[in-house]
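Form predicted alone, single chain, as structure tokens, below.
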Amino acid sequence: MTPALPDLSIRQLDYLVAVSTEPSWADAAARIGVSPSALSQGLSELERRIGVPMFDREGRRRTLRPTAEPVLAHARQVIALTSDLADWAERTRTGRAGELRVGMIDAAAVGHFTDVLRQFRDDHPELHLTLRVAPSGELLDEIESGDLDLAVVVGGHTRRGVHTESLMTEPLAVFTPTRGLPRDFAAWGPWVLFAQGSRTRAIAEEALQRLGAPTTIVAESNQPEVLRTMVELRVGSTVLPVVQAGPDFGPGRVIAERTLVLARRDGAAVDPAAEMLAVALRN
């Protein structure tokens, strides 16, 4: 027998998302425009309707339990999808073009899709297109929360409520302070790589380990220009997408490839502007 669905309100879920992101309940209440007592009562009612304890008490404070994460993930998805629907309804009702919020990793924004974005702006001057350039993890957070409509990120990340489709693959190559690489893989390195947690860093390390090269990391950065500078200063070798190597480096030795994907919220109301840009990026 299927259990009865809990009678949850959008406002209660919004309260939960607010307390998960703000430093205090007072800040969360202020952000969503209610009193702290109303926020507390709403969350107590949400906890009662879910039927699972979601908060621990620390003196007079209440903090989210780790076991509340599935409820919080659901709340984020529902709030984001509801915001999408409200925005779509407003555009449909008023006929306004609205805005399109796009995120891209730097290689996509300044390497692969610059011409696509420029042409899209020229073709749709009525649209307010905003572009955020950031690492994949940050962009996926903003897709999940509803702060971005589309994002181009490195594939391999999995997020609840986020749909991805492959756009392209690109080579990753080793670049060194000297001309050429030793034939002996054991003599490669040390390395200056993308920061820990980066999908590109993981792909690079997996490829180096597969070749038998040591992976001694002496510096890291999410900025390709910083990595290039450290190579020029002979701090170490690096692994970069070929498009980001710059003119001062040789062709490099390709050791792996990464996939760039288009990410959007799964099940969101279709935004015609977002779909037009998605088509342009696919092409």
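Numbers for residues come from their place in the sequence shown, where the first is 1. We call the rigid core whatever largest set of C-alpha positions still superposes within 1.5 Å between the two forms. From a predicted model like this one, the values you see are computed outputs, not experimental measurements.
Not on display, but discussed next: the form predicted in complex with the DNA.
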Scan Ala256, Ala68, Ala245, Val34 and let me know which has any heavy atom within 4.5 Å of the DNA in the predicted bound form. Val34
Candidate from Ile217, Ile50, Val235, Ala38 lying within 4.5 Å of the DNA in the predicted bound form - any heavy atom: Ala38
With the cut-off set at 4.5 Å between non-hydrogen atoms, does Val226 touch the DNA in the predicted bound form? no
Although the partner isn't part of this model, could you tell me whether Ala26 comes within 4.5 Å of the DNA in the predicted bound form, counting any heavy atom of the residue? yes
Inspect the rigid-core superposition and answer whether the C-alpha of Glu22 shifts by 2 angstroms or more between the shown form and the other one. yes
Can we say the CA of Ile217 moves by at least 2 Å between the shown form and the other one when the core is superposed? no
